[in-house]
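Shown below, as structure tokens, is a lone chain in the form predicted on its own; questions about how it binds or moves come after it.
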């Protein structure tokens, strides 16, 4: 005997059948590795020599000076680079949204292009620009700003500055596109009304542009924070964590623990979970602070 389901139930069943492949893929490709990594963080050794060590790896974090250095470096990049990049992206988007500016498409493309550049290629260019006999030192010496070449890659703070510059150069255009799309959705009549009421350009920016772009600013802040906490390519390709591991990021330290030093997959998984928790906590705080709906 055939069982006939009500129409509403059949629609729900069909909807779940369509969702099932994507759900299985996400569960298999994302959640299963996360659970395996979490279990791995309680082990030591690898392969047949792997053994359960409880919270030993988590306790080890407090005595690991290189982990503290990597964590500190990552927060330095995060605190300096993310606000700098987002403010710059917002200013550029506001300028390029002005209808009086000509060749806007060309400028927008030029600013966005670094985002499409190969990571290795632009790292090599930055390394050559900031070499002892590179472009940056030549310009500064010709302008009599410095007397002798700066060892940008070989000293701690210059190397960190190069990494911050490189990330900002690459990702500012990417964030600018988000702000530009948000600005183009703001009704121009709001600005015209503000002008009639005597609002200056800075007042319009603070009272109209910033509040209306708040959801996009929140989105880009969360994405940028997430990306910076997982920073790997720039520190690996520009400085390789040097000098003396003083520019190493957390992700590069995880890579070294897994593939450069004697393999310590359990400890690397432990640090990965610390990054996961940092991303979750910072994203939650940003959403709580930024998403205050009127």
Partner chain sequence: MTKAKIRYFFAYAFLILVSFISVFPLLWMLISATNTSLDVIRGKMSFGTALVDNFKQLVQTTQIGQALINSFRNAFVLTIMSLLVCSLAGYAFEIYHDKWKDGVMKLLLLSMMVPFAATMIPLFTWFGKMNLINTTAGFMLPSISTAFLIFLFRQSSRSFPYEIVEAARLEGMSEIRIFTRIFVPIMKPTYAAAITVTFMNAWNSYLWPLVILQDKKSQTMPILISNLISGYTINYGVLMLAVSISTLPTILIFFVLQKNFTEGITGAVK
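Take the two forms, superpose them, and find the largest set of C-alpha atoms that agree within 1.5 Å; that set is the rigid core. Note that the coordinates shown come from a computational prediction; the quantities given were computed from them, not determined experimentally. Numbering follows the first chain given and starts at 1.
Absent from the display: the form predicted together with its partner chain. The rest refers to it.
- Between 71-79, 144-152, 186-194, 129-137, the stretch whose residues reach within 4.5 angstroms of its partner chain in the predicted complex through a non-hydrogen atom is 129-137.
- The shortest heavy atom separation between residue 64 and its partner chain in the predicted complex exceeds 4.5 Å.
- For the chain shown alone, residue 43 is not a contact residue for its partner chain in the predicted complex, no non-hydrogen atom being within 4.5 angstroms.
- Of the heavy atoms in residue 226, some are within 4.5 Å of its partner chain in the predicted complex.
- Under a 4.5 angstroms non-hydrogen atom cutoff, its partner chain in the predicted complex has residue 111 among its neighbouring residues.
- For the partner-free chain shown, 258, 259, 265, 268, 269, 272, 275, 276, 279, 280, 283 of 258-286 come within 4.5 angstroms of its partner chain in the predicted complex, judged by any non-hydrogen atom.
- The two forms, fitted on the rigid core, differ between the shown form and the other one by less than 2 Å at the CA of residue 277.
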